[in-house]
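The data below hold one chain only, encoded as structure tokens and taken in the form predicted on its own.
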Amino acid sequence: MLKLSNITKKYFKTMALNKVSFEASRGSITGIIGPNGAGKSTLLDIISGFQNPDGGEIYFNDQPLKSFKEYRKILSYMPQHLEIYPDYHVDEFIEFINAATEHIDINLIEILNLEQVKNKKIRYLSKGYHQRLKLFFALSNTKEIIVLDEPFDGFDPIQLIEILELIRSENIKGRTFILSIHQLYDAEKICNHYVLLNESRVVTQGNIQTLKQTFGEDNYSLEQIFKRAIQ
């Protein structure tokens, strides 16, 4: 469905991404895993059309994506640092998104529990509710591909269960997810495909069974596999 071929990005003399290639098949949940500075956020910016690569191509259904408009037709993006106008009330922001997307998802508002804070200004939201509002921004549309940069930050264990269930339910509807996650334990709960980055390169990729066969034993966790992969 979405194919990256030799994506390269350089900032002055620093190589941010070095010939990164992988495919996200339709209906998959792909986890982009790697230490800080590995290039995860840069990669998601490029996948989402917010940055241009210095080299390489991105394809959707075997057709190269050439313009930001083409990306916007198929893809919704939640960056890690999304600034939402702080003096909007939550219900005002929801109305704005509904009008902009011409799409109203009452069920999503209920699942994210945003009714509880609808009269609050965004500047006064807790980190968890701010993250819920960002997820509403990313999911309240009919786009086929959802790209989320560190979507689980700010949630306690109970809240995290709710958010994981939300992503699973959206995935069951046919949406494809690409997630950047630094909590490997959480990644193992939700992803069915992994791309491991280190020092701007893809170290390895595949489902958990493939990674276990390559780097560990059947009882290895994703964290243990990752440590072996980057040695």
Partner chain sequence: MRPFLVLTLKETKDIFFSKTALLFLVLVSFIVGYGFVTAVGLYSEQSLAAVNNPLYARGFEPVPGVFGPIYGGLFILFSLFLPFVIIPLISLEKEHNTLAILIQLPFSFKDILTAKIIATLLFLLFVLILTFPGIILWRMYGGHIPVNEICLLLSGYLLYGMFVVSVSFFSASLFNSVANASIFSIFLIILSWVIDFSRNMNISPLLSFISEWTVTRVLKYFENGILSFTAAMYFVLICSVFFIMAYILLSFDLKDKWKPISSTIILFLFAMFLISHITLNADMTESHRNSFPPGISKALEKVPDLEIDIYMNKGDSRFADYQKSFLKKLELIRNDVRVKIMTGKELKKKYGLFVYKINGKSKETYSNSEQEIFPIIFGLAGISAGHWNNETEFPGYPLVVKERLSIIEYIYYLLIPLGMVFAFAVNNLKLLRRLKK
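Bear in mind the structure is a predicted one, so any value in this text is a computation, not a measurement. Numbering follows the first chain given and starts at 1.
Not on display, but discussed next: the form predicted in complex with the partner chain.
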Any chance Ser76, Ile97 and Phe137 all have a heavy atom within 4.5 Å of the partner chain in the predicted bound form?
yes
When the partner chain is placed as it is in the predicted bound form, which of 42 to 50, 23 to 31, 172 to 180, 188 to 196 ends up with heavy atoms within 4.5 Å of it?
42 to 50
Heavy atom of Ser126 within 4.5 Å of the partner chain in the predicted bound form
no
The partner chain contact at Glu92 in the predicted bound form, heavy atom, 4.5 Å
yes
Given that the partner is absent here, does Pro157 sit within 4.5 Å of the partner chain in the predicted bound form, heavy atoms only?
no
Please tell me whether any heavy atom belonging to Asn119 falls inside 4.5 Å of a heavy atom of the partner chain, as the geometry stands in the predicted bound form.
yes
Note that the partner chain is not shown here; using its position in the predicted bound form, name the residues of 68 to 85 with a heavy atom within 4.5 Å of it, in sequence order.
Phe68, Arg72, Leu75, Ser76, Tyr77, Pro79, His81, Leu82, Glu83, Ile84, Tyr85
